[in-house]
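Let's start with one chain on its own, the form predicted alone, as structure tokens.
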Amino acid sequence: MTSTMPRQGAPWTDVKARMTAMAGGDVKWRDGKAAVYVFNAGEDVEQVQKEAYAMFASENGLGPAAFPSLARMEKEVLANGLELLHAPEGAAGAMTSGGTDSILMAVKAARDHARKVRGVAGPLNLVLPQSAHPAFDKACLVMEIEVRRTPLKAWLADPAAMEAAADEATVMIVGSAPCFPYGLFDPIEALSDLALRRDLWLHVDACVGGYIAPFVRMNGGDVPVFDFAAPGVRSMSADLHKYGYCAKGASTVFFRSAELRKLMIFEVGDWPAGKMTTPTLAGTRPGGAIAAAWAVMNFLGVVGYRAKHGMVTKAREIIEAGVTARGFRVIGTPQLGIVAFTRDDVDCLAILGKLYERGWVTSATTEPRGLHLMLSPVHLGVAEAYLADLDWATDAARGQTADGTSAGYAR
């Protein structure tokens, strides 16, 4: 087998030039052409992300005794999140590498609670609405937990359907705040009532909404109760690298009490190097991600976040009005930065493919077939350009059909 690694290294200037050339075909996200994958809060925030990450790129959050600076920064980031999400006294959490990691750790804690506290001995199951993120399926595949997805009611989780699907072996029920496909808040208060009545572990997946919804509410937005203010919520996930505008990969997972958080922790001592304790699945914990999260939060502050999120919601309002005027139907009543919309006379997935030809890398829904945008502050400046290209793409797509992977970037 021939090795592809060069025998002799090249100067950084040459390597950097090659990397820049390779990136030439990537989506122009700095120009606002991406409404998925990247959360673009502007050049100022990007600079803070990069410089803070670089300052601690070699440090390892696994060793708090060696790097007390990282331990302090993580503690302060978590305190910010707990306050924003109305956590009670004694609540606790941890930083993770992303939403999937946070969700996996919450499911692990709920599973151990079912086994160790409730004494469930047989097969376990997890109940969630059809719109909940596939990260829960991944966690259940790892832990051999049955997944029970329930039908939606008006695009939202249906508490009655979820209650019917739950039983004594249910480790967790799930609500989203908001869900990714439609950007809609599930009825968390109703799910909280169900959790309290049936003694069920309720997890709220606020990976998308956790670091935008509190500020939209501060800006006067009509945001429903979705967090620890609902007494039945036992755990939450919220991504820093989404609407927290922090560097990837950074997320948070929170628990109503430190006792519940203990169920997440790994402790291994039966090997020659002594006991090893890790708060999450990861061993090495990139110091750069922790430092960048702390830096961005301190750079923006409440006023900065309110301003950035005000731009997001304004962009969504412009696009909602624009697509409605063009004959599309917005799915539900989105309140944050996600908007999904559909129409019957033109295949929306064919429109998506045409938009890709104009450089737009966005997303789609398949139930119903629709277009999907996850907006950032940068999109306020390009909303009208998007709507103009949407006109062209809609006309170009008339009479065409596309499959569920029609967008060029998804193939």
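Since the model is a prediction, treat every value here as computed from it, not as a measurement. Residue numbers run from 1 along the displayed sequence.
Same protein, other form: the form predicted in complex with a small molecule, not shown, and the subject of what follows.
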query	finding
Proximity to the small molecule in the predicted bound form, single hit among P178, G81, G337, G93 (heavy atom within 4.5 Å)	P178
Listed residue that, although the small molecule is not shown, lies within 4.5 Å of it in the predicted bound form (heavy atoms), from L85, V208, L300, V323	V208
Stretch from 283-291, 253-261, 144-152, 234-242 whose residues place a heavy atom within 4.5 Å of the small molecule in the predicted bound form	234-242
Proximity of G332 to the small molecule in the predicted bound form, heavy atoms at 4.5 Å	no
is_contact(T278, the small molecule) in the predicted bound form, heavy atom dist at most 4.5 Å	no
Partner contact for V171 in the predicted bound form: the small molecule, 4.5 angstroms, heavy atom	no
Proximity of H133 to the small molecule in the predicted bound form, heavy atoms at 4.5 Å	yes
